[in-house]
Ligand code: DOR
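Next up: a single chain in structure tokens, the form predicted alone.
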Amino acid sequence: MPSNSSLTIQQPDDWHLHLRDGDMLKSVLPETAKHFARAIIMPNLIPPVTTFDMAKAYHARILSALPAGMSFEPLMVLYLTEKTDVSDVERAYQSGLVKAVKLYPAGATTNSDSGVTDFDKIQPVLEKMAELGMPLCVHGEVVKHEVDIFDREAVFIDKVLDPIRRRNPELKVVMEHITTKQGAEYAREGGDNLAATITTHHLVINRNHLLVGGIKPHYYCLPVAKREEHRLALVEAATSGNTSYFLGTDSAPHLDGAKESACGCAGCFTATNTLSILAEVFDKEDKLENLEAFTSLNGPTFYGLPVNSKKITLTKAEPIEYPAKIETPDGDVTVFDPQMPLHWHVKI
């Protein structure tokens, strides 16, 4: 059991991370690498990372951007399209460099226009992935205009995800960034081949944070934050210690000008202060003993990877002041504001 003021855990990983590319990559990568040993790297660049060769090139750019003296392992992901080559997926996974394939319903989120519209066309890839034991990471929202944006996750589970899993019972699936009570329940009841990531910001905000008192663009993300009952269900799931859930921050940097615009980009940038926020959330629930499972143990177990050998220590003291923004050559990126004091300091 942790003490009231100190907690030592295995070093965490981030099982859903956006690093972008170029100058943005160089600016935000250190914010993750200072606390996390590894991260599943999202492939929705322009153009998307659709092939093994593109994944190798992106992997090299990430390592090249890593500051001297920092250690970090990017876990690469292929962007699934209706033209994805089965043999290329197999070659990528067997290389050890690529750990998963990402399913974006076309148009569901940032840079997802190359995603899937006809799910029958990806069946050969899914069958091969099931054979290999290669996880499928899923952005779980339908994109039909007639479906309310607050209902799109629940409808996706019923209309898309459950049929895919019934057709491919051996396929390992990660429901990424779940935001609903239905998502948490489905993940918990789905057996050993199903898991879900939960973001830092969805444990903290509900849709009031986005909409009450004016539109708050830095709380706009996809999937969008839901009602308070759903946030509470996510907190219960994350802090439970249940192996079905683990951390995927979905930390998604955008320049302030792109966020604070007439059509603002979706994404919350949480890499900088995630561990302090999570410790605060778990502490308030009196579940600090389960923080390590959520951040450091459940993810590697599901992906079939070793747990990190290095440890980190969090200590509770006077509130820590994180920077409000991260500077890039093209402008600032606003760091997620949890609207509560953060007492937990991270020491590697």
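Here the structure is a predicted model, which means the values were calculated and not measured. In case it trips you up, residue 1 is the first one in the sequence shown, and so on.
Keep in mind that the form predicted together with the named molecule is missing from the display, and what follows is about it.
From the list 184 to 192, 163 to 171, 78 to 86, 248 to 256, the contact stretch for the named molecule in the predicted bound form under a 4.5 Å heavy atom rule is 248 to 256. The contact with the named molecule in the predicted bound form, taken as any heavy atom within 4.5 Å, belongs to T110 out of S95, T243, S261, T110.
Exactly one listed residue, out of A266, L132, V147, L211, brings a non-hydrogen atom to within 4.5 Å of the named molecule in the predicted bound form: A266. The named molecule is not drawn, but in the predicted bound form it has a heavy atom within 4.5 Å of N44. When the named molecule is considered in the predicted bound form, L103 lies well away from it, no heavy atom lying within 4.5 Å. Residue contact check for V235: none of its heavy atoms lie within 4.5 Å of the named molecule in the predicted bound form. Heavy atoms of A225 never reach within 4.5 Å of the named molecule in the predicted bound form, leaving it off the interface.
In this stretch, 130 to 166, the one residue having a heavy atom within 4.5 Å of the named molecule in the predicted bound form is H139; the partner itself is omitted from this view.
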